[in-house]
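In structure tokens, one chain follows: the form predicted alone.
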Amino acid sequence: MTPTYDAVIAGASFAGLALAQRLRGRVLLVDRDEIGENQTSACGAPLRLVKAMGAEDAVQQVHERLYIYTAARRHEWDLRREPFCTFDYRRFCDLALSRSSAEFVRASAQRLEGHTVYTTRGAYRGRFIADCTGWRAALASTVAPPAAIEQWRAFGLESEVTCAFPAGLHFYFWRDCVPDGYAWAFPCENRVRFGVLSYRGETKLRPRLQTLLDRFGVAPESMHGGYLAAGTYDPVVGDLFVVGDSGGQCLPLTGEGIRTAVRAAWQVGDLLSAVLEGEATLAWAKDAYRAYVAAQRRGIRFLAAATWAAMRLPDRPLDVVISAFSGAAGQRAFLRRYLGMFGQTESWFP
């Protein structure tokens, strides 16, 4: 007999864990890796978000400044109103899971038929199903035509090394390192996460990462990387809710995906909990989630245009554009809109 749950969530990283925390009822988390394994993220997010996930003990370093480097100069941004932090991925996931009552099964989600998820460990049925598997969209890709889930994909590669580094989140638009993207350095206690990202989705980034590390006089250690998916297509496929990178909810330009995945998962969790408790219908929940995602598209189009500029503008015009946003008023306006994306809806019910 197929085990039955109120909800089956495929994917147990940021989106899956946030959804499991928010959902009431009997919930199953399915992932091909153990909780906290196979890190692909640089693990930088707003401190307030990490605290809300119950994972404050995973924080390694808090950052109140962001620095953008061009060929000409350094631009300093003030993050004191919304500090970011770097954190330990495994510890974050363990703490987040402990805040939920979900069961966990290590298995690869293979396909979805109706309300049954088929995995390498057998089949599981759920009243609600969520795809939080990342850019591959393991379940959505089996029930929707490819054009319906088309995404723009960047690719990043990172190495965490032991060295001293100034506090802050550091972004480098240095063409000799990454001609079609940016590089970064995120300090985390006595270590630093150095990485490079290609907006075009180029995957052979090891030479570019080596160029970056050479500039700072450090040697690479273990590396990890992955795709970042942006696109925000229809986030409901049949009765399947698609959340996080599975739904293309990573932001263009910055590549930020943790905040957007967690916030979208919170929305879905609140909506589906309302359905479970008889306060709303499934049709209403699907429409509400579609409306929530649709509300982000204007901001995403702006960030996509900024990505185009970052890839194509010569060094001097790019520096002029960044300078225009780096004044006090420009920073406030940009951060207010940017950090407001994928915000929470306070009142759901008609």
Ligand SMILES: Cc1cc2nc3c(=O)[nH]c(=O)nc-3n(C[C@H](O)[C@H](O)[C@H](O)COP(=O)(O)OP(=O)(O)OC[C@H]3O[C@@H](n4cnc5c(N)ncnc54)[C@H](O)[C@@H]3O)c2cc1C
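Note that residue numbering follows the sequence shown and begins at 1. Small disclaimer: the values here were computed from a predicted structure and weren't measured.
Heads up, the form predicted in complex with the named molecule isn't pictured, but that's what we're talking about next.
Q: For the named molecule, considered in the model of the complex: do all three of F14, C132 and A261 come within 4.5 Å of it, counting heavy atoms only?
A: The answer is yes; F14, C132 and A261 each reach the named molecule.
Q: Counting only non-hydrogen atoms, choose the one of 236-244, 271-279, 208-216, 72-80 that falls within 4.5 Å of the named molecule in the model of the complex.
A: In the other structure, the partner sits against 236-244.
Q: Whether F92 contacts the named molecule in the model of the complex should be assessed with a 4.5 Å heavy atom distance threshold; does it?
A: No.
Q: G255: heavy atom within 4.5 Å of the named molecule in the model of the complex?
A: G255: contacts the named molecule in the model of the complex.
Q: Should C43 be counted as a contact of the named molecule in the model of the complex, where contact means heavy atoms within 4.5 Å?
A: Output for C43 is yes: heavy atoms within 4.5 Å of the named molecule.
Q: Using a 4.5 angstroms cut-off on non-hydrogen atoms, would G168 count as touching the named molecule in the model of the complex?
A: No, no contact at 4.5 Å.
Q: Identify which of P220, G226, G201, P187 has a heavy atom within 4.5 Å of the named molecule in the model of the complex; exactly one of them does.
A: So the residue touching the named molecule in the model of the complex, by this definition, is G226.
Q: Just to confirm, with a 4.5 Å cut-off on non-hydrogen atoms, which of R26, K286, R32, H63 contacts the named molecule in the model of the complex?
A: So the residue touching the named molecule in the model of the complex, by this definition, is R32.
Q: Which of the residues spanning 96-125 lie within 4.5 Å of the named molecule in the model of the complex, based on heavy atoms?
A: The stretch touches the partner through A107, S108, A109.
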